[in-house]
Ligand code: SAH
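We begin with a single chain expressed as structure tokens, specifically the form predicted on its own.
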């Protein structure tokens, strides 16, 4: 993060704009809208600035910049065509620890002016750190259409009830849950429609009801599939619940970009498992979910892939049901689907494979051996999860039960992520390929004639790193 995003209160404070052209006019207008006392320093000014000066909105010093102009100022913007002047202003302002912005020169700035969406009192700032102001404006344009103007009215309504809600609901968590329900429910819709009185009535009724049940908040668990790693593959519902959670209990396979999208103030509990190294045993995870929910927390159980495909989601839900805990389940894109698509390998194809089987290479200690005759049948795709540590056994068993040693096979390491790697081989050569390339988990193994399709499809994938 190159710049810390902040909102600065400059109302009734003296601010300085150096320059009198159209760019300076735009910057001065923003300062004035925020309530600042604006002083313009420039030998000449454009008509737009002159109009504001004549109306008394700006003060104009008809000359060049002097260091004394910085005295008593809260903020300064340099918007001249003279690079030497801009550099001097920046240096002098920094000496005084005075916030300074030099237009179109991020290196000389201690702060930058973002692209803004104004739904006062709601404000949204978008910045590229000065790298591309045009991109920031494009993003603002996209967001403008998806953020109703009524959000300003809604924020004003909420502001008027903050003290009442605080008095009725002394618990921070209860207040947070209450406001989230208000801002996502009928009160918000009434406000957006301009029905202010109806919105107030609905809010007051909701507050009265919440006050009657204060101190009895029920917890809930959100069992959410995070997909194979690319945050773009998350569902809208997953994102919504990720922002509502008080606590997140997450696995090793949940990527950092996805964790960055979780509510920032949520407590985070790592329960990741690696082979022969479980940070928290499954029974312990179940107990954590139950305990937190009984404390009234909204718990996000974030699991890589899909929670019901080798994710032990069924075991966790059984424990929740036994303890009377409310829960929601949000499916995710399983690793097989995501990794295959990003590698240019269709899991089925009418010429090569009429079925696909998902198999885990990691089973309960007392589990039966795999049904190798069925897995070795022709005209099908077999995908092994968590099978890297026993890849030699998997390949040997498939060959021993009739699958040809020349059957195409692929290793997909860190699938769907920017550093994804795909290694193509055959059943007979796959174990050696793992050693030669030093392949590391998480890696998915795909076996079947469909692997041949990567030659045609790999260049159309988001991460076409094929080895």
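Positions refer to the first chain, counted from 1. These figures come from a predicted structure and were not determined experimentally.
Separately, the form predicted together with S-adenosyl-L-homocysteine (SAH) exists; it is not shown, and the next lines address it.
Colleague: Counting only non-hydrogen atoms, which stretch in 400-408, 26-34, 413-421, 58-66 is within 4.5 Å of S-adenosyl-L-homocysteine (SAH) in the predicted bound form?
Modeller: Heavy atoms within 4.5 Å of S-adenosyl-L-homocysteine (SAH) in the predicted bound form occur in 413-421.
Colleague: Please state whether every one of the three residues 335, 386 and 443 places a non-hydrogen atom within 4.5 angstroms of S-adenosyl-L-homocysteine (SAH) in the predicted bound form.
Modeller: Yes.
Colleague: Only one of 271, 241, 136, 309 comes within 4.5 Å of S-adenosyl-L-homocysteine (SAH) in the predicted bound form by heavy atoms, so just point that one out.
Modeller: By the 4.5 Å heavy-atom cutoff, the listed residue in contact is 309.
Colleague: Considering 112, 325, 341, 253, which brings a non-hydrogen atom within 4.5 Å of S-adenosyl-L-homocysteine (SAH) in the predicted bound form?
Modeller: Only one option qualifies, and that one is 253.
Colleague: Using a 4.5 Å heavy atom cutoff, which residues in 224-240 contact S-adenosyl-L-homocysteine (SAH) in the predicted bound form? It's fine if the answer is none.
Modeller: The stretch touches the partner through 228 alone.
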